[in-house]
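Okay, so here's just one chain, in structure tokens, the form predicted alone.
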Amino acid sequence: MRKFKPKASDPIGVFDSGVGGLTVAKAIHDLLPSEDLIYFGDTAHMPYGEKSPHAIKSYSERIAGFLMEQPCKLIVIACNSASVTAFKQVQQILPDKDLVINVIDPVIEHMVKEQPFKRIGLIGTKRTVSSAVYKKKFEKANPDITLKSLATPLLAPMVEEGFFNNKISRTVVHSYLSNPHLNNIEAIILACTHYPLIIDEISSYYKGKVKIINSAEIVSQAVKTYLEERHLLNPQTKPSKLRFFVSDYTESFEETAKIFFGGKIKLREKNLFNE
């Protein structure tokens, strides 16, 4: 890939396996409304949490390549499974390895530096939990922190199908959170970017007794810091440009995107994998 120098006017690229990364894109848009965004949802292959490492790496590299062709001044891997599995591979195909941010390291740094909790819970996909990446990073950053992780594989597909903020999602969420493994935690990390869409159900279960850590908000702050340090904040005053791509059109994705960004979004189908 050819060398290039990022410009402040270049967009930020965000990708996920589906709608989950929209929580990150929306948090970035709210914090940095002058920034242009390009979002890619790999709906043809969601959820990544059930895919093999080889497949996730292949999908992520292809999407990152597409985003760099735009070109984007920064890529955000808005998916924990892809962040766990493909972060280093994406770094290797970029002109500069610093051009990509994952959704794990900012959360670890935030919890260690900003939060006093010692007993932390975590819910995520099978891929994220089985990797033990959060556990390893916490042990390295602060061995006094005890992390209790629970795989919750039904949640991401449930959200993708539009089942959130209703009786079905509440029942499934409460069933997972009542697992004894999560007893006596002080905070819980939502280690899947789909999960902020069911944060109301999670909050109703804990009733304010457990701090809920929304990674989307933390990652958006990391993006702002990255751009500030490199003098890449977009100075434009006109409305930002938002572009949405999916690898396979789904009505549920379009409806969820409209909830986040209003009813005037234009969803484009882009097949990166059979061209």
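Just count from 1 along the sequence shown to find any residue number. The shown structure was predicted, so the numbers you read here are calculated from the model rather than taken from an experiment.
This protein has a second form, the form predicted in complex with D-glutamic acid, left out of what is shown; the following refers to that one.
Trainee: In the model of the complex, does residue 156 come within 4.5 Å of D-glutamic acid, counting heavy atoms only?
Mentor: The answer is yes: residue 156 has a heavy atom within 4.5 Å of D-glutamic acid.
Trainee: Can you tell me if residue 219 lies within 4.5 angstroms of D-glutamic acid in the model of the complex, counting non-hydrogen atoms only?
Mentor: Contact with D-glutamic acid, no.
Trainee: Can you tell me if residue 41 lies within 4.5 angstroms of D-glutamic acid in the model of the complex, counting non-hydrogen atoms only?
Mentor: Looking in the model of the complex, residue contacts with D-glutamic acid do not include residue 41, since no heavy atom lies within 4.5 Å.
Trainee: According to a 4.5 angstroms non-hydrogen atom cut-off, is residue 46 in contact with D-glutamic acid in the model of the complex?
Mentor: Close contact exists here: in the model of the complex, residue 46 approaches D-glutamic acid to within 4.5 Å, heavy atoms only.
Trainee: Only one of 112-120, 72-80, 178-186, 91-99 gets a heavy atom within 4.5 Å of D-glutamic acid in the model of the complex; which is it?
Mentor: Single hit among the candidates: 72-80.
Trainee: At a 4.5 angstroms cut-off on non-hydrogen atoms, which residues of 127-144 are near D-glutamic acid in the model of the complex? List them in order.
Mentor: Contacting residue: only 128.
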